[in-house]
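Shown below, as structure tokens, is a lone chain in the form predicted on its own; questions about how it binds or moves come after it.
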């Protein structure tokens, strides 16, 4: 195994893991609060499209990323209004948002761009880290990445602190486990769940914006190809722990980038098989960990004050 192979695999894996990491951190926050967000795929896809559109129109990657976050945030609010305020079944709401995101983005892209396949052509703000890039093998894989890449990994300790060391994190865990007890203690279940799903939606939109604006700098219809659902599964496999989620995201990033490494080694493997690996991996992980994962007690259960 040569150094070029290890560097290429690690570099591609870390970049491929970023959308999964961002989406999973947001999903973990929502699920900790008792909200099962199956609309994460639609939120990611909306972040991809509206982020790309804003970046293409303005020539600014920053505006594109913010537009992607806003798109995810608005869909998070829609999920909250339907599932928290109106108490519609969360599974149905999530599926509807995923279908909505796929349909609207496909329609708008074809209506605006027709048969064109333009590139955003924006500055991704690459950051070189002098001391790190001189480290053999690992340095070139870590240094020279977009600014948002580093921000994404710094969000891991930030979310760990927020969920485990702050009053908001305590409230999130309380409304996800014992919402009636939390309400009796003076915690607003509705407000906390709204905040959690807004974070979940914004993070899904950010994941989509990273994919379309920073990484690929283009949009394709249905380009997330199930990444949102993998992110949802990673949140569960990682036990809603940001550090474990980060490790799991890297593992699936390795599976997604395996094709690049095999090309360097000169191994001829069908592309379809490489594409299948992340999905096979997540199914195996879920089967192996199904009995060890304790779901939040109130996950997917609507809350109505005064009714048990």
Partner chain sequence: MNARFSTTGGMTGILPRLAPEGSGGGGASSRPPVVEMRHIRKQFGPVVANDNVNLTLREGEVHALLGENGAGKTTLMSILSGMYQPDGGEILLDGQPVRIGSPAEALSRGIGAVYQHFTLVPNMSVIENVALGAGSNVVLDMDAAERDLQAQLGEFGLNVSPRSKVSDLSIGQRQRVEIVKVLSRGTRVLLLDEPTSVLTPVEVEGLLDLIRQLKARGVAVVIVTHKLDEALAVSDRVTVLRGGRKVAELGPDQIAAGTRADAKRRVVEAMFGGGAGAGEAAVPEGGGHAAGPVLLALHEVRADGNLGAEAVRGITLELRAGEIFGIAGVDGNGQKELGEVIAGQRHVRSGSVSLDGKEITNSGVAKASALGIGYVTDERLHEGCVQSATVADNSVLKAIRRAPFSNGWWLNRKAIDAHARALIQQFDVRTPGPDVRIGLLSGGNIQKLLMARELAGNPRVLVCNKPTHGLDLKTARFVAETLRRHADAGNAVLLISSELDEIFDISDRIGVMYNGDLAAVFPRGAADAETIGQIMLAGRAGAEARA
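Since we're looking at a predicted model, the values are computed, not measured. Numbering follows the first chain given and starts at 1.
The discussion below concerns the form predicted in complex with the partner chain, not included here.
Heavy atoms within 4.5 Å of the partner chain in the model of the complex map, among the stretches 165 to 173, 217 to 225, 80 to 88, 144 to 152, onto 165 to 173 alone. Residue contact check for residue 178: one or more of its heavy atoms lie within 4.5 Å of the partner chain in the model of the complex.
Heavy atoms of residue 100 never reach within 4.5 Å of the partner chain in the model of the complex, leaving it off the interface. Taking non-hydrogen atoms only, residue 186 approaches the partner chain to within 4.5 angstroms in the model of the complex. Among residues of the shown chain, residue 161 is one whose heavy atoms approach the partner chain to within 4.5 Å in the model of the complex. 182 is the sole member of 230, 182, 93, 202 with a non-hydrogen atom lying within 4.5 angstroms of the partner chain in the model of the complex.
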